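Listed next as structure tokens is one chain, alone, in the form predicted alone.
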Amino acid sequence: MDKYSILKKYFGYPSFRKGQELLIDSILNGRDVLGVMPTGAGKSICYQVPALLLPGITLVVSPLISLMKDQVQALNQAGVHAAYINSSLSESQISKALRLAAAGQYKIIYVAPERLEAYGFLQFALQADISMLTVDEAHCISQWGQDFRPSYLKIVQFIRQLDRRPVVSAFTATATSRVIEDIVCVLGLQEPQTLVAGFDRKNLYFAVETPKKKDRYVLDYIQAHADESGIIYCATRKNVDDLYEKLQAYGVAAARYHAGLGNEERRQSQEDFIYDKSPVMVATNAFGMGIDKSNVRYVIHYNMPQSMENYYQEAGRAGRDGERAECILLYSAQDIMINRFLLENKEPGDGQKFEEASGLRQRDEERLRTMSYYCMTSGCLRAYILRYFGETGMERCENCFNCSQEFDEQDVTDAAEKIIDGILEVRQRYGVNVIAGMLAGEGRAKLREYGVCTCQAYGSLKGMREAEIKALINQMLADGLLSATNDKYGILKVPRDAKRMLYEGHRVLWKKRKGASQPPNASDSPNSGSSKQRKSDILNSKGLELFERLRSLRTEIAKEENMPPYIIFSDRTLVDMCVKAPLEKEEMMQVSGVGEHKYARYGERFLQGIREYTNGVREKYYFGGPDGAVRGKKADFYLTPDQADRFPYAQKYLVTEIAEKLNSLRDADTTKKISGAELFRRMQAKGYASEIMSDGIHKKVVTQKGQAAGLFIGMRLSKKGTEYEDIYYNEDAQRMIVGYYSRAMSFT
């Protein structure tokens, strides 16, 4: 049996996703691998498929009991013999599991890192044929990762004790370049095949809201999404308990989870959430790392997280099935104070030296500051996240709150100069609050005590509100015009070139959102709506009715087998059943997510449900274009030859203008739009252009290859009349781009 047969037989998928084959082939060829892949990209397939093809056992080191249980349940449902060994089992159960494993009963064994040093497990490992050791959530091995776990360091020692070194594979969803280097070094990966598949989760919608009453916002949101499952993260146990009680009082079927609850209550809460008895979970970040629940349709952060790594990992628990989901952060200035208090009271790690603890504390402060900039930016939220993880090129995603808003652009260069002058006048000794209060002309006792009320800069920005001055300072920090010390005080500093940049004509533009944000409801929240509204992107009214029938059947089976519904079949698989409406086994086997073992267990019952609803009559249960393409599953952008012939070539275009012309030619019913940012990313990927940092400013440059292809630098005028450089594309470059999208060929 080959890798393709394994994929279809056990997992029900007809083909591999991008990047999966590269890692699978490397493992099968005996090479170590490191996969950095976003949640929902199919990391587990990358080690589960080769595990079934390798001769011996695969050990998967996993950090949480709940994660192991989910994975093993899903594998057993798919017909793969797997087991887990952790503290939830008795010693007799562990001994039995190891005996069965030694006898060849299991191909995949999940194990907690602490278990690796246990005498009984080590004796088993020394006798067993271990073909591969997989490290899941590999960022936990790095002290620079957001979830560093000292127990992960036991993995390296365990590998050294084995008579024969197995292939070592490591996987994680979120890792900066520093953490990636740490994983390779600390784990001792040998010339690993590394794949960084990107961090973008296109199905997730991001928003930052600043409601005056967070509780009201959350309740309104849940009521508008009553048929959906979601997680609400709070920074403190007290916030969890307060919000949970309020939701209960309004009749919301919610559960809660934090470290202050007893083991049994936490277990019951998690089970109620997984089995959809309580579709809403209110929790601290102690919850969720091991949750593989695929149908979470929203994640709301009641408070700002401490770092971008934490935020993206927690937000990433939404939409694991690839369907649309929302990630909303409710921000208030108090969140920074709460997080700083939590950081100041954070216990140092076991055996951590003072210098290490001090360095990590500074890193924590830097992360917190970066997270606060995310909450205040007026730019694309997705682009901000991707830049943090090292991906550049995106300007607008058109699928976040900021991209959906209208902004007034103001030239605030004069105000920026006054901020810099004020910081320099007080000899760069104070943080944001003091500087903003001084410039606004506030009369607080603290400001008088510091003596800043007598400074020349005092009141120089009296026409602005203090909150606006703080927002402008934060933008200047994000743009590199200011810096701040990496400690709790965040003392503002002026980089050497900042003043010169302003004097030489660099303009500071400030985007100010038009209107105020409102709590979302079914009618006015971008991308919000019930699960039926989401499914209606694909399914028509009859298709939606069939989906509800199949979902009820899934719930019925889940109760019978005491199994989470999403492990039976995911929502995505149910939607595909509605689109294909299979009436026979051969047709059901073409549904994504239906493998041989799952068909044998559940296939006939779902076929019977479809037959009863359709009366055996074939009918279309989805929206479709003239060629039968499923609407909502639009094809990536392309042009037919006839459409390409109508492109209006000109002497020069900006990339945004090319995108606009291309989109006007496409079939809007069956083809996705393309953005100028996507076109520019392709230019970067093919070596025609790049983006560099010069004097603290991002600049686009044309390479020698790009010049030969027809790209050149020209001047543009901003709305305020300021000149700046941008890339233009002559007719040859335009023809190259049109040719690519009409013939699906590669740029050379």
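Worth saying up front: this structure is predicted, and the values here are computed from it rather than measured. In this text, residue numbers run from 1 along the sequence as written.
The form predicted together with a small molecule is left out here; the points below concern that form.
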Just one of V60, I57, A41, L711 has a heavy atom within 4.5 angstroms of the small molecule in the predicted bound form, so which one? A41
Want to guess which of 44-52, 682-690, 700-708, 26-34 is within 4.5 Å of the small molecule in the predicted bound form, heavy atoms only? 44-52
Looking in the predicted bound form, any heavy atom of F16 within 4.5 Å of the small molecule? yes
Would you classify R256 as touching the small molecule in the predicted bound form, given a 4.5 Å non-hydrogen atom cut-off? no
Do Q734 and the small molecule come within 4.5 Å of each other in the predicted bound form, heavy atoms counted? no
With heavy atoms only and a cut-off of 4.5 Å, decide whether R554 touches the small molecule in the predicted bound form. no
